[in-house]
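Just one chain is shown here, as structure tokens, and it is the form predicted on its own.
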Amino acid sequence: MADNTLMVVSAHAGDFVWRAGGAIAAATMRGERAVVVCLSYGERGESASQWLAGKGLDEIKAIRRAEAEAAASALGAEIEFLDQGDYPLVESREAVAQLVDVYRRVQPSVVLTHPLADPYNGDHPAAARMALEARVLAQAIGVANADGSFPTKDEIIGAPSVYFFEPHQPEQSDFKPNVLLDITAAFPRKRAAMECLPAQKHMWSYYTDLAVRRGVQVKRNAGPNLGLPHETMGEAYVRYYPQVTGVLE
């Protein structure tokens, strides 16, 4: 098994599936570890069908948790929930401290989260800001863990790369991808994970169509010599921190 570990910080229980399901499945198919952290269940703002059916808050949380767990299983990922509430997802010292603990426990080599701008959903940039703050704090040996203890030199993290996944309305969020990921082999698992989220069934076709469009861009930017199949599927990302390399490719 590879040493690489992918960590995904998701504002709501479904976000990681729509935006990064292909990357998650691709990682686990390579034998890598993937850990999803859901800051909320999306119980208030992203569960309209359950509210319309007359269900209460606790029941909706349980439904969304079960859906997200099934989706993570379909992708081969681990999942945990911080239950910080949504609409709004409020940035707090408690939530950041919890994320610091997760960073130190998981030791990710790559982090995926929301972009820092989304005029349609303030929970998404709030999650991104907390994910970025926690990444910095988790590197500092003088920053205590959530239980008040101080980390050892082996518990602090290095400098995992961070990628923002695609928001639902990219043009309005000024999302300009600089990384295109080929998820062709992983897409069946992503589709299976999407189908674990019936509370947002209207998203299934949207994100299948988006994968087709991004797949066209994957092929175009890869050039004709890579031999990608006609039915290439893709996901788009923005890398936040500079890439460190000894070779320009």
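Start at 1 with the first residue shown and count on from there. Quick caveat, the model's predicted, so the values are computed rather than measured.
What comes next is about the form predicted together with another copy of the chain, which is not displayed.
- This chain is drawn without another copy of the chain; in the model of the complex, the residue among Ile63, Ala192, Leu210, Val35 with a heavy atom within 4.5 Å of it is Leu210.
- Proximity of Glu69 to another copy of the chain in the model of the complex falls outside the 4.5 Å heavy atom cutoff.
- In the model of the complex, at least one heavy atom of Glu166 sits within 4.5 Å of another copy of the chain.
- Put simply, Ala48 is close to another copy of the chain in the model of the complex: some heavy atom of it is within 4.5 Å.
- Looking at Ala146, you'd find every heavy atom of it more than 4.5 angstroms from another copy of the chain in the model of the complex.
- In the model of the complex, Pro160, Ser161, Tyr163, Glu166, His168, Gln169, Pro170, Glu171, Gln172, Asp174, Phe175, Lys176, Pro177, Asn178, Val179, Leu180, Leu181, Asp182 are the residues of 160-195 with at least one heavy atom within 4.5 Å of another copy of the chain, listed from first to last.
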